[in-house]
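Take a look at this one chain, the form predicted on its own, written out in structure tokens.
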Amino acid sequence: MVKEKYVGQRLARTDSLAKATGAAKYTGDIWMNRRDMLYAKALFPPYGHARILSIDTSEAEALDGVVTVMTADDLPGKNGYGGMVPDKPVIAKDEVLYEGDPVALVAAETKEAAERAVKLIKVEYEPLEGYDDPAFMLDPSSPMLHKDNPFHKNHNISDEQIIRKGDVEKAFKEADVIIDNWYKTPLVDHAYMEPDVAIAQYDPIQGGITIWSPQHAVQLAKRAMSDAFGMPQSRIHVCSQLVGGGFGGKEDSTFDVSVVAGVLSIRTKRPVYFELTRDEVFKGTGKRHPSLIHHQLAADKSGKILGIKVETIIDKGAYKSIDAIPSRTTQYAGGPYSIDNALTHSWSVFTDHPYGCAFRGLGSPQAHFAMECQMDELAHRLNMDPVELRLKNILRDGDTTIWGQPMMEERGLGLEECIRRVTSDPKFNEPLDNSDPRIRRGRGIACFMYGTGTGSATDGAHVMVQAQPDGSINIGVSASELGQGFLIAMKQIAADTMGVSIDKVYLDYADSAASLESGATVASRTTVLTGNAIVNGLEKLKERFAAVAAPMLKTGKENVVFFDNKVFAKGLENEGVPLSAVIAKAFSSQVPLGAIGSWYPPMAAPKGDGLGDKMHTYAFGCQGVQVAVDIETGEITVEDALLACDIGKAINPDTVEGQFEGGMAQAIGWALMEEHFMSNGRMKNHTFHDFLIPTAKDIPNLRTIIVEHPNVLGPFGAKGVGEPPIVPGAPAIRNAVYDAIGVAINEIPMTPVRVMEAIKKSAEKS
């Protein structure tokens, strides 16, 4: 068997040099000097909730340089769009439900003219009460926010999910210990560097439209905007440039800007450029869902978890967006532990806030935060080592999750190795320096599991592969390069599958006209699903070419091997022929040089009560953290962070470690400083001056351990790695703070104010 030449190697990302030198072009860099380009601006409301009484656009329309002003009555199609359901208006007509609802649109010859024009539009509003509290909106007696929205489940509920397993009441009656706590997580911005931007150009020849914007999903974008454009999906062409940071947010927010540029281009028949300001990004685009979690855990005196009861209220914001959060928070409410009895119930609830959308981890960080805090609470109550407690309860081969899915070592089950490697690390076990009476140091750990893929029936990938007569390979794939190293990983998989040098592989990516549906670049799915589709397509070509090569090599096609740009018979490596000669022969013999590669994970039928397999494989991991807490100021410093993840197989260890480090850094921000404050539907902090994110000074040396328990269904054994690294950071930091000061803080971010309040309350109780 030929050994892989590229998979598992530390190869430089193909986009690194171009990004470092500025040669890489983002959406905002293209077409900026075109003479016929129009510039768009949107008028947003000064209220979080208001009724629109009248709009007067006459002064704006009369302004020199203004080409068109659009209100809801001027749209070419339906007034709605969205990735899951078309419930977000292109232009608000009668009512605004949050600060990001456009009231009117302007296209002008210059940016300055567009900015002046929106200020001349006169809108009369009737301010309405802004609803900020999802718990209040969950109550059936609360006012109904979406009166005409056909997509809500019931009243203000956007989605509701339940998992029932075993006999929970019996488990709680038999328990020696019950841990009962509330946990709260914040509304958080993705804080990507590149503001949301789009360019649209109407096609006068076939009546279609082309959109350039930084997308997570170019094929999904066509479906999301088709009705708003009033044209079939086949006429919509979406190209994603390099994405300047996404973290899940640009799965939705690029629709917000693309649909505006699109309807203006359709109306004017000219190219239109639309970019949000940072203030508009903060106020109007999707956010990580805030959550309020009531977590009850029952255990016996040995530390064995007998059951859990968990209720999670999720702030959905104004629109549905990608509403997979309740399914994820119910799923991960028990963490990576073997629990026989569980009742987990989650609701996402409409408010007058920015819509909650996909954000790295998609509900798993919120659920794991509560569960991993509960584990330390249980260890504290039993006077038990938190590591020993976790090892006693983790999922092992043959155990079932709280949703009833059996765990299998053949699909990768490396959690125990992750725990042991983190907790046996020499640095992690050094004595803590608590010589300064003002500074208290402590250590904490947290574990997690995270599924690869969305778990939906449509979660598959399809690619186009084509061999060229010179021996090179083209691959058309709709996935996007978000900075995660997707391009180099796909090249490594393709090169080793086809047996060609990596320079022979070229990806035509993130262009809906040059690729098939391979799903969104989300849910840690691209390496596995798209990688498997590439393998499938190239194996089809190899089968054809083997039949062509066999007579040339005087052997049977079953003995043909592809490696190092050559084709040879097994055992006769020195007598091969160039792959280019085989492909040229196939070309002249009417053998097709192109194929479609496809892959779907196994589909499992639901069993009721939320039970049944969710994803085909799961990444597992453990993070250890050391913190220093200043008990006079409440400031927390993360001094050490060590993360071990079982990701099946590291296709490229450099990019895998980059994902580890990025996830840990992002988790530090979520745990300690990031939070939006809302009042009456309006955002109070909407600049980087008052919405804080970590800088280099806030990040310690981030240490990583790659653990590889291969997934038999993954390409070369791989599992997803993009989102898992963010999951354990916040609870690990919280548990380290608990270890340092002996005070449990169950709300993040753990700002100095919250830390000092917790210390004060603890002192008053004692």
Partner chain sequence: MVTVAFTLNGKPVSCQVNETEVLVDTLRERFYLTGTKKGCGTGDCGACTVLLDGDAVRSCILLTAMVEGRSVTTIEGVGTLEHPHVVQQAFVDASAVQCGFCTPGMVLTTIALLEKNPDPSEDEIRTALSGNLCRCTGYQKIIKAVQLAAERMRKGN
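Positions refer to the first chain, counted from 1. Note that the coordinates shown come from a computational prediction; the quantities given were computed from them, not determined experimentally.
Although it is not shown, the form predicted together with its partner chain is what the next lines describe.
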Contact assignment for its partner chain in the model of the complex, among E657, D496, D101, D323, heavy atom within 4.5 Å: E657
Contact assignment for its partner chain in the model of the complex, among L395, I293, L482, M464, heavy atom within 4.5 Å: L482
Interface segment, criterion being heavy atoms within 4.5 Å of its partner chain in the model of the complex, picked from 621-629, 77-85, 236-244, 554-562: 236-244
Contact flag, F359 vs its partner chain in the model of the complex, heavy atom cut 4.5 Å: yes
Touches its partner chain in the model of the complex: G28 (any heavy atom, 4.5 Å): yes
K649 within 4.5 Å of its partner chain in the model of the complex, heavy atoms: no
Interface membership of F688, its partner chain in the model of the complex, 4.5 Å heavy atom rule: yes
In the model of the complex, residues of 649-680 near its partner chain [heavy atom within 4.5 Å]: D654, E657, G658, Q659, E661, G662, A665, Q666, E674
